[in-house]
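In the block that follows, a single chain appears as structure tokens, in the form predicted alone.
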Amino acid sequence: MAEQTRPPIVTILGHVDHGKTTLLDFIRKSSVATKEHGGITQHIGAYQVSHSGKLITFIDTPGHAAFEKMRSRGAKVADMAVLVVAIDDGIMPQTVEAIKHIQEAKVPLIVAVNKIDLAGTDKNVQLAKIKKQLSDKQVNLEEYGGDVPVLPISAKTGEGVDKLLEMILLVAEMHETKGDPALPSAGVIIESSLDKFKGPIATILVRNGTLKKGDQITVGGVNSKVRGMFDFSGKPVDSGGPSTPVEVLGLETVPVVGAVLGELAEVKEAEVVQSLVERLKQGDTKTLKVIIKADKQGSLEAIQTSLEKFNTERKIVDYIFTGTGDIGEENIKLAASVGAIVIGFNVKVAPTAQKLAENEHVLIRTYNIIYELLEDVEEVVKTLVEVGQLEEVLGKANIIAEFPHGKSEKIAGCRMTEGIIAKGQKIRVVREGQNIGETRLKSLKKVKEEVNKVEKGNDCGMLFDPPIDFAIGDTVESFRVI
């Protein structure tokens, strides 16, 4: 069976009290796809709604379940995100962190400005202010030539919610969310628990393929048999196709949230590493991603100014988040999701944050003297260069077609999206964020003419040597090791 359109998978993020839960509640009560009987009878962390005859899957777990634990394990979960911003508050700290998650995950974004029903609020003035704040955070709004729509809504009264659902379907159509029910099931654990009557249970969001009752599955390296399945409304089902959330019975153990069907068990580190250098030697970090918390704004600016000396030729130190105040759980969650380290200057680490960092293997380093901080960072940068881990991506292209060539080879029909790709450069093929192989260009053609390089905006044909098993939708990257 060929690929076909599947329901988009959506998660809703935003600052506390800005109306995420209220919005989800309104959508669920007014639009839930109840199928053949009543509404939701149990909570399994996700559900489907019907709008204009089309289904949308919403992840109803906290935002970090989609963009922190799951993403840190390499699992792409949501197809798009809705960022909820209250019209009276505007951009708040958790809004900024949510934006970072979305930008790191590289999924389409829709902004919903909530609480337009509030009395005494100059909606036009506040809306303009929020748009300016979003632009300052590198959110490319549609009205400024970008691709991020901003929709005013009231999650309380429902005003504008229909338009939001229509926009979700439109964005999904533009990005062609597709799946193939004939494939083996591929999915992610979004909730799990131990029930004293049912035993280990888990909610699996099927991203592609079809999961069937009776299937043998592997989650976190443990083999199990699916002995029972229920949809989001509590109805027993025999199968779940692309974008379908199902509760599964029959697991041998309780899987961790974010575990992927078919993945091997994670190898736990014997201990939390104790230095920046040791931490980064063990990874495949291309830049040093940092979250910085300082006692005051002046200290923060001084640290950032000092670290900029490492970014003269290219970005080596990447500021994922900076702010004042003690290091909290939200900082650790963000660090875990993007592979960052947390640096503190004249601040404390909350006990709950320290415990979470140990569980997630996030490195925290605190300092009272700036030059000691800089010395550590400089040592890390030198180490990365010495072990050849710093890379520069020279060009990117999307594979949009494939053509047979000879007896067994095939040509990748590509559209350039960034930079330049030239013969002789190192090439890798990336699928959903994962490197599936590296090769070199055997032939590069532009409109049937052999060329030495192709720039952004052009279509071309690529023949790889050695051949690589690419697929439509993969990304081709050319790169060099610095």
Ligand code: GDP
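For clarity, every value in this text was computed on a predicted model and none was experimentally measured. Start at 1 and count along the sequence shown; that's the residue number.
One more form of this protein should be noted, the form predicted together with the named molecule, which is absent from this view; the next part is about it.
Mapping the unseen interface onto this chain, S154 counts among the residues with a heavy atom inside 4.5 Å of the named molecule in the predicted bound form.
Taking the partner from elsewhere, D17 is found to have a heavy atom lying within 4.5 Å of the named molecule in the predicted bound form.
Under a 4.5 angstroms non-hydrogen atom cutoff, the named molecule in the predicted bound form has K115 among its neighbouring residues. The closest heavy atom approach of T22 to the named molecule in the predicted bound form falls within 4.5 Å. The partner is not drawn, yet in the predicted bound form one stretch among 107-115, 326-334, 211-219, 302-310 has residues with heavy atoms inside 4.5 Å of the named molecule: 107-115.
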